[in-house]
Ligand SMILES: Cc1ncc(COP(=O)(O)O)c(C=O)c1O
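One chain comes next, on its own, written out as structure tokens in the form predicted alone.
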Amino acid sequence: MQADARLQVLIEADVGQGRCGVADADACLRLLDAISGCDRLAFAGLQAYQGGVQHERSHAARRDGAARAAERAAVFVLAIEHAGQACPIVTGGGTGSAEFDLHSGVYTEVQPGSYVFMDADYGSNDWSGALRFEHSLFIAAGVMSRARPGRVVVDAGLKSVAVDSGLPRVFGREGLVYLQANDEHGIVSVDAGTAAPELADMLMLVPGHCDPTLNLYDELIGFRDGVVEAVWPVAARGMSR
């Protein structure tokens, strides 16, 4: 009040995620009326994110899921406009569906984020369409034990990598599979006929889920051709409530 501030707010619409947001156009219009009745609030648009579509493995399933989400978002937008209110922002989509969201004609902005890093879970999607992303986030894991044939132990476990979307994958080393994560250690199997890594060898791990993995670190080390070119602080590290 003292600063005479006015907040721009978005109405969240449930376009298929089943998590948050108003369920239908009538509920959306009731919330729009409530916003209009608040002197310090101004309606800015619609938040229409469908996270579940992003991890559909097949290209066709993501295309169809994105189309359903866009159709639902369009129903909300139409209801808002019929009520005499402009809807300047319609934000939605994500890494897995961006190529479809861009051509939907519904969104004014899309929300891809994980494409910057591409974790192992996203890497399991079929990327046979227009967009192809590459892995850029790795955990450097040192080999600390070769005590048992057919496996090595690395110094990256549950305190180093989030496993909610699956275990990390060993990048660029055929025949090595990350099998198990303990607190400080990870167990990597070595296929028959594959040379086991030596002690102190560095394995590059692609995390299963980039978001909560990144939150475990204070810094990102940017490197190219084996040379460190930048060190970036993770400013939001540990800031979740």
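Residue numbers run from 1 along the displayed sequence. Since we're looking at a predicted model, the values are computed, not measured.
The following text describes the form predicted in complex with the named molecule, which does not appear among the structures shown.
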Exercise. Tell me, out of 166, 129, 142, 112, which residue has a non-hydrogen atom within 4.5 angstroms of the named molecule in the model of the complex.
Key: 112
Self-check item: in the model of the complex, the one of 107, 122, 100, 117 near the named molecule [non-hydrogen atom within 4.5 angstroms]
Solution: 122
Quiz item: Among 19, 47 and 95, does every residue place a heavy atom within 4.5 Å of the named molecule in the model of the complex?
Solution: yes
Quiz item: Using a 4.5 Å heavy atom cut-off, which stretch among 173-181, 47-55, 197-205, 33-41 contacts the named molecule in the model of the complex?
Solution: 47-55
Exercise. Answer yes if any heavy atom of residue 64 is within 4.5 Å of a heavy atom of the named molecule in the model of the complex; otherwise answer no.
Key: no
Practice problem: Any residue of 186-219 with a heavy atom within 4.5 Å of the named molecule in the model of the complex counts; write them all down in order. | Solution: 211
